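Take a look at this single chain, the form predicted on its own, given in structure tokens.
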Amino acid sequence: MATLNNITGALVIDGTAAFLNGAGLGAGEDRNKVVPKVFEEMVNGRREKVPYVSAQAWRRWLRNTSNEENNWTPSELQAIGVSKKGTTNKISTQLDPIAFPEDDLFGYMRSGGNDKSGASDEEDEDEAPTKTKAESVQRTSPFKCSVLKGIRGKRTLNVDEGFVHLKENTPLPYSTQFYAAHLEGFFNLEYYRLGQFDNLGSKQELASETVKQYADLLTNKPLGAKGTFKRFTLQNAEQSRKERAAGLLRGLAFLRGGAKQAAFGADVSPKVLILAGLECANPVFNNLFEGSGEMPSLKIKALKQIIEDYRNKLATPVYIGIREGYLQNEDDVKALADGTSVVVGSPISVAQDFIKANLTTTPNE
């Protein structure tokens, strides 16, 4: 049986008549038009604009929703650098993965005064001199994800023409570009890294003050040929790892967020959610959806091939959650359920089933 080192998956959100991630104002004649983020893709020999939500944007949705669903204290952003003009030029979270699950799951970075690895030259030249140089710390995010992009055949751009009616004088026109799209993305959580922090010379995941502050909660062992590097692990790492991964999945199942909700309200909770435990860190459930019918379809053959190819790497069944009536080939997806290698339910129920089967820490979880 493969070891559960990673939790990988995919999701689809319903972005019909939505504006979830803005890109500012249009160019040229469109200077009065608010536009969403798009990129271009070649489709049948012609360029097509594809609406998308940046990874940064929906990670923020997930961070906020996870904090709310689990009553976690947010790791608030703070100013850690000031320019010569007295303005903030560097920010970070609390840089404390022990007290804040958000920092453990999503990582952080603080570039010290002498370390240019995380700051641009422009920032350094503009930085006010300080008496004490901060220590550099960097934890790459255990949670990695793609952008949420419009599914081919299920993405169109539209314009809402509006007017502000003044009490006197003529109305002022304005317009907003929005999309009718179903957006898919994929992700991987490096589950094994939760509660575990490596200090490798200049690359330190825990600051010296954090190690000192939580000395009674951490164990450490030497790493490297000379044993000069250290790995710090929470004493209750296994329990903490399960609780935090479960919290992330709860946040994912109830995902909330998005721009212009007042004008283009949209429910961004997944309408399709795929989850599986993997021994390796491949985010295998990518580009699994297409839009040839009225609704998106799951590529059944591709999914079956992934399950077969990664059979020896899968540490859990593949959980497929679908909103009733959302997928074009819903019946074919439901027929995949066999109770052992594939579990099918709703997006929320499969997240709960995955937690219960693989991340349970107490009998009442």
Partner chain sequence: MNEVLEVQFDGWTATPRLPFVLSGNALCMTVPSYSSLLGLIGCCLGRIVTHDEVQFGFHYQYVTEANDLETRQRLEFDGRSVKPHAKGTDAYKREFHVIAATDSAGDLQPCLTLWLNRTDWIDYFRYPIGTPALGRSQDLLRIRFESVRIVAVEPITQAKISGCALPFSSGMQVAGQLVQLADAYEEHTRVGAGRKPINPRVFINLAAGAGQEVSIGNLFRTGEGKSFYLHNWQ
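Numbering follows the first chain given and starts at 1. In this text the structure is predicted, and so the values were computed from the model without any measurement.
What comes next is about the form predicted together with its partner chain, which is not displayed.
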Contact segment among 173 to 181, 247 to 255, 222 to 230, 261 to 269, judged by heavy atoms lying within 4.5 Å of its partner chain in the predicted bound form: 222 to 230
Residues V159, F163 and I300 all lining its partner chain in the predicted bound form, heavy atom within 4.5 Å: no
Residue contact check: N287 to its partner chain in the predicted bound form, 4.5 Å heavy atom: yes
Close approach of A281 to its partner chain in the predicted bound form, 4.5 Å, heavy atom: yes
Distance check, G185 to its partner chain in the predicted bound form, heavy atom within 4.5 Å: yes
Interface membership of A17, its partner chain in the predicted bound form, 4.5 Å heavy atom rule: no
Answer option from A315, A55, V333, I307, heavy atom within 4.5 Å of its partner chain in the predicted bound form: A55
Option touching its partner chain, based on a heavy atom within 4.5 Å in the predicted bound form, out of T73, N236, S292, Q78: Q78
Residues in 20 to 51 close to its partner chain in the predicted bound form, defined by a heavy atom within 4.5 Å, in order: G22, A23, G24, K37, F39, E40, E41, M42, V43, N44, R47
